[in-house]
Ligand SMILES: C[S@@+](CC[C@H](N)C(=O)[O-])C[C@H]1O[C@@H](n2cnc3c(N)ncnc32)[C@H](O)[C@@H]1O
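Only one chain is shown below, in structure tokens, and it's the form predicted on its own.
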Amino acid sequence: MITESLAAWSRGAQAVALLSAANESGYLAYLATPRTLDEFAQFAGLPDGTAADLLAALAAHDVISSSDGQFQLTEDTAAAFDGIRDIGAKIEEAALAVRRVAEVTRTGSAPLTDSDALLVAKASALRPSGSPASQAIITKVLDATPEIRDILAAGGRLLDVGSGVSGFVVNALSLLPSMRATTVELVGEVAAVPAAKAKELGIDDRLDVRVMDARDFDEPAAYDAAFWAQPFFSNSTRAAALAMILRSLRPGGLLMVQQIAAEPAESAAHAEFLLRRLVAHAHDVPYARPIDSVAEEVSLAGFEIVRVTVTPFGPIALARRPLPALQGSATR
């Protein structure tokens, strides 16, 4: 049994290594258009035999196809590279995950560099592109939370805490011309992505990008809605982050939180889940916390839970900063 499993694990690790190296070396981008073996070998700087073996391996993994002596990305692969998610980042994040599992197993820790954090942020989000395809996804997200949609469409201010590359915010700003947003991101290299994209799209006058620890953000009662990227916050920072969000929302302002991973029932998927959890827990980050548990955490921080629901994009909890208690009328 262990021998068979080891063979399967080895195949998976080697496939990730193949795809990651091919992407990093520019081979996949080069193969977006049909190439002959000689053309590819010259581009890659590899002997013809090695180039042929490499193309055969990529074809065996359904990354490329061949026809009439030419090699090109399959339709599925090409579509993925042109899609609403950064497939290149997802490939590199898969390779990073392999390295982090090894490091945690050896040392108990595998902290992210700023470049690693950028990779994870890109792999975890929609591209901040403002494209019609991305806007269509954002429309569905907003339709699942009409209370927040209506606030933002009317010119409300959104606070995005732990924003990453701000795929949601940039696409929402391009969709809702009256919306304004502030993003809070710890890593400058990550925050630079939405800042540059917003400038390119001409919406930077409505986007305020802050590079800082979310716990230090201080704009009391200034925001109508907030999104908290809770899966990326460690246990030691969560309470302070929630306290900041509560202060930052106006009374009656809304908070949305999302569960982005769940413990699967399938054995193969469960094995991968446990490896991801191993790395997350090594860095004091909760992994796949159920949305009901997150909602309880939000409630204990002083929010009122509006509802917990399952959407096409995963379970969410919608909460509200309580309105001030009305003073009772004077007794006669």
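Quantities reported herein were computed from a predicted structural model and do not represent experimental measurements. Sequential numbering from 1, following the sequence displayed.
Just so you know, the form predicted in complex with this ligand exists too; it's not on screen, but the next bit is about it.
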### Query
Does the 4.5 Å heavy atom contact test between residue 253 and this ligand in the model of the complex come out positive?
no
### Message
Considering non-hydrogen atoms and a 4.5 Å limit, does this ligand approach residue 246 in the model of the complex?
### Response
no
### 4.5 angstroms heavy atom contact with this ligand in the model of the complex for residue 190
yes
### Message
At 4.5 Å between heavy atoms, is residue 88 in contact with this ligand in the model of the complex?
### Response
no
### Query
Of 136, 221, 212, 102, which one comes within 4.5 Å of this ligand in the model of the complex, counting heavy atoms only?
212
### Query
So which of 207, 229, 152, 242 gets a non-hydrogen atom within 4.5 Å of this ligand in the model of the complex?
229
### Which of 166-174, 140-148, 103-111, 75-83 sits within 4.5 Å of this ligand in the model of the complex, heavy atom basis
166-174
### Task
Pull the contact list for 184-205: residues with a heavy atom within 4.5 Å of this ligand in the model of the complex, in sequence order.
184, 185, 186, 187, 190
